[in-house]
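One chain comes next, on its own, written as C-alpha cells: the form predicted on its own.
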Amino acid sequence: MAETGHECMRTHYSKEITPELNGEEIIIQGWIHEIRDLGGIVFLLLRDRDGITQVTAPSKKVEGELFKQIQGLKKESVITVRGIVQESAKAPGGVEIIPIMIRVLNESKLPLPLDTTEKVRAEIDTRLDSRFLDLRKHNVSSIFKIKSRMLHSVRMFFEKNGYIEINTPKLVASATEGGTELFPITYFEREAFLGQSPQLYKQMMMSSGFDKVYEIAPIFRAEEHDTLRHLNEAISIDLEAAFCNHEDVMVLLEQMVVNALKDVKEHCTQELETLGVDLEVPELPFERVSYDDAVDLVNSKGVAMHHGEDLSRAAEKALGEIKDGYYFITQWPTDIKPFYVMHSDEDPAKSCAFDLMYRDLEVSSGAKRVHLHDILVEKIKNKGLNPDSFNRYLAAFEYGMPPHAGWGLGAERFTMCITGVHNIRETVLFPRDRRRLTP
C-alpha cells in the first residue's frame, strides 16, 4: 500500500552517490525504472532527475519481509529507499544500495502507455500523448536541461551587457507586423488577437529612453505549417538596442550564441553525452553571405531561385549542403522585408536586414529599423496597410525616436541546433501545432 506521509526526506540524488560514500546510510527517492528478480537476489533500478541508482537486494542480506516487498513492487511506482552504499564495479556509477527500508509513496498503474527504458522507440504522437512519461526518459529530459541552461546563459549575457528585461502584451488589438497569421480571440465585447511578435513594442521602448531591452516570451503564429521546424506557439528571444545599426546587433547575436554554446558545453556534459552530441563551439566572427551570393549558391546546387524570392525549403537545404555551421545572410531585398526594416542608403533596393542560419535552418532574423516617422508611414502604405491602424505605434516616432536595431531568435530552433534533434516538437514540453492542442 502506498504511504501518504513523507517522513523520509532524500539525502542524495543519484549523481551524488559515489564510491567515497561506501558504508554510509543514505536515502534516495524516485521511480522504479526496472526490476530484475533472479530468485535469490533482486536488482531494482531507481531513477531520479539526475540518473539511475542500482538497489541490490540479496535474500541473505535483506530481511525476509522487505525481500518479499521488493519482489512485489511495480515498475514506475514512486518509492523511498533507505540503505547502505556499497561499492560495485558492475553497478551504474560504481555503487549500489543495500536496502534497509523501502516505502511506496505512490504505486503505478500497469500496463504503462509508454515504455520508459529508452529501449523501445515510440512514435512522436504516442510520446506526446503521454508526455509526462516520455519526460522520465533521460534522453528526453536532457534536451530540456540543455534548453534551461541555454536560456539561463542568454539571460545572464543580456544582463552583463546592460540590457533591461521587459514584458510586452500578448493580447493585441491588431496585427503587430501587418501579417494575417493571427489567432483571433474573444476579448469581452470585441475581437482581439494573440501576439505574433513583440516587434512594435520593442521599438516603442526605444523611444522611452531604455536604450537596450530584451524579452524571452511566447509568440503565436497562425501558420498552417505541418513541418519538423514549425510551431504555432514558441518562445522568442528578442533584443532591441538604440543608437546602433544592424551590424552592431549582428555582432551581439553571434557573441551571445557562442557564449551560450560554451556555457552548455561546460555545464551539460552529462546531458550532451546522453544525447551523443559532441558540441562544437564556432569561431567568431560568423561568415557573412550576401543575399545575391546566397541565390547563386542555391542555383549552383540545381535548385531554381530567382532574385527577389524568399528562401524555399529546397533552397535552405541547398545552402545547408554547402554551409556547415552558423552564418549570416545579409542585404536582403527591401521589397520582401517588413515595413519597419530600414533600406540601405547606398542601394535602397537592398535592406539592412539579416538572417542567422545554422546549416539549413533559419535561427534568427533581425535588422536596422526605420526610425523616421514619415519614411515609416510611407513604407506602411507601400505594403498595402493603413497607417491609421498603427497610430499608437507611430506616435512613438513623432517625439524623438533614436536609430535602433534588433533581432529575434527562436529558442526551440536554437535548442535543435545544440541538441541535434530534427523535430522541433522534441524541444517543447507540450507542443502546439495545427493538430495538437493537448495535453
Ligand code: ATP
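The first residue of the shown sequence is 1; numbering continues from there. Just so it is clear, the structure is predicted and the values come from calculations on it, not from any experiment.
This protein has a second form, the form predicted in complex with the named molecule, left out of what is shown; the following refers to that one.
Heavy atoms within 4.5 Å of the named molecule in the model of the complex are found in one stretch of 281-289, 229-237, 112-120, 250-258, which is 229-237. Residue contact check for residue 424: one or more of its heavy atoms lie within 4.5 Å of the named molecule in the model of the complex.
When the named molecule is considered in the model of the complex, residue 194 lies well away from it, no heavy atom lying within 4.5 Å.
Contact annotation: residue 274 falls outside 4.5 Å of the named molecule in the model of the complex, judged by heavy atom distances. The named molecule is not shown here, but in the model of the complex it comes within 4.5 Å of a heavy atom of residue 223. The listed set 344, 108, 365, 168 contains one residue whose heavy atoms approach the named molecule in the model of the complex to within 4.5 Å, identified as 365. The listed set 387, 408, 403, 51 contains one residue whose heavy atoms approach the named molecule in the model of the complex to within 4.5 Å, identified as 408. Looking at 333-351, no residue comes within 4.5 Å of the named molecule in the model of the complex, counting any heavy atom.
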